[in-house]
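The data below hold one chain only, encoded as structure tokens and taken in the form predicted on its own.
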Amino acid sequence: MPITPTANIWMNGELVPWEQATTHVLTHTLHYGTGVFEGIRAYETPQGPGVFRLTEHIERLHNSAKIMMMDLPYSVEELVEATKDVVRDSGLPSCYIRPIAYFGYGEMGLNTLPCSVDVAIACWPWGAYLGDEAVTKGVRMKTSSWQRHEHNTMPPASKTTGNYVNSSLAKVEALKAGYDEAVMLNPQGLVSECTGENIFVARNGRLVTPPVSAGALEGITQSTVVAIAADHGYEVIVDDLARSDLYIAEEMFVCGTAAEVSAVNSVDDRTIPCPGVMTSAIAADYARCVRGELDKYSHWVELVK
């Protein structure tokens, strides 16, 4: 989806015009994929734009940096305020937000220890990642030929730019084959996640989602879904899923900041009932939750003004 430029981007402590937010071609992370990032959304609320679970996203950015031995020059609190500044400055009622930290210009080679660390935050309008009808009509999935990397190869717990080469290969493979998204298996053949979403499968009236040990990211949207599911009395368990479990699912959906809650109508051309009762209920309440319309979770919406 094309990016529509907004007014300014926050870079290393100051707002700079969109067209001036540039980096040198010899920036370390461009060559070695050593950056860390987050995907966050701000939604329109009656009190103005509200950023959903902003602090937790920035805390995860810090954790990703720690895993990469990257010392961020800004605290969680400073980056939370910087994010609000960017959204406020854009004037957008709702938007997608991308904070990124990366090793900058001045050092080359695999050793990152002498490198400076740069931080930037941008935002722009961005619709539903898997399409506006993903909730009602569902998306077609394909099991990827690319395996999700395991924990001692590339740390899945860190949202590292280089990690997403794995996801990009799987995504493009699925799209070129005529599908909407890819399911990724770990080296043991168990379901991990999609290219950018966590997976939930309904079996025997309860929801199952893969564990982080399977290579899945510990998703913030995933934990939101678990909370909403509990409100509806749905049991959620974290357990391994085999590829065949997807084929016989009673219903299935995926979730993530970009994709929100999206139903799945088939995996590898095996039809899945769609949209399922649990999927529809959770998706509806998720849409209310992120806009501050559920009092129980209103503290998750951090207002910009």
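Don't overthink the numbering: it's just position in the shown sequence, from 1. Nothing here was measured: the structure is a model prediction, and the numbers come from that model.
This protein has a second form, the form predicted together with a small molecule, left out of what is shown; the following refers to that one.
- With the cut-off set at 4.5 Å between non-hydrogen atoms, does L61 touch the small molecule in the model of the complex? Looking in the model of the complex, residue contacts with the small molecule do not include L61, since no heavy atom lies within 4.5 Å.
- Message: Considering non-hydrogen atoms and a 4.5 Å limit, does the small molecule approach C194 in the model of the complex?
- Response: Heavy-atom contact with the small molecule at 4.5 Å: present for C194.
- Message: Given that the small molecule is not shown alongside this chain, does L217 nevertheless sit within 4.5 Å of it in the model of the complex, heavy atom to heavy atom?
- Response: L217 belongs to the contact set for the small molecule.
- Message: Given that the small molecule is not shown alongside this chain, does T83 nevertheless sit within 4.5 Å of it in the model of the complex, heavy atom to heavy atom?
- Response: No - in the model of the complex, heavy atoms of T83 and the small molecule never come within 4.5 Å of each other.
- Message: Can you work out which of G35, G50, G276, G256 has a heavy atom no more than 4.5 Å from the small molecule in the model of the complex?
- Response: By the 4.5 Å heavy-atom cutoff, the listed residue in contact is G256.
- Which listed residue (S144, N198, S90, T160) meets the criterion of a heavy atom within 4.5 Å of the small molecule in the model of the complex? Result of the distance check: N198.
- Out of the stretches listed (229-237, 93-101, 109-117, 136-144), which one is close to the small molecule in the model of the complex, meaning heavy atoms within 4.5 Å? After filtering at 4.5 Å, what remains is 93-101.
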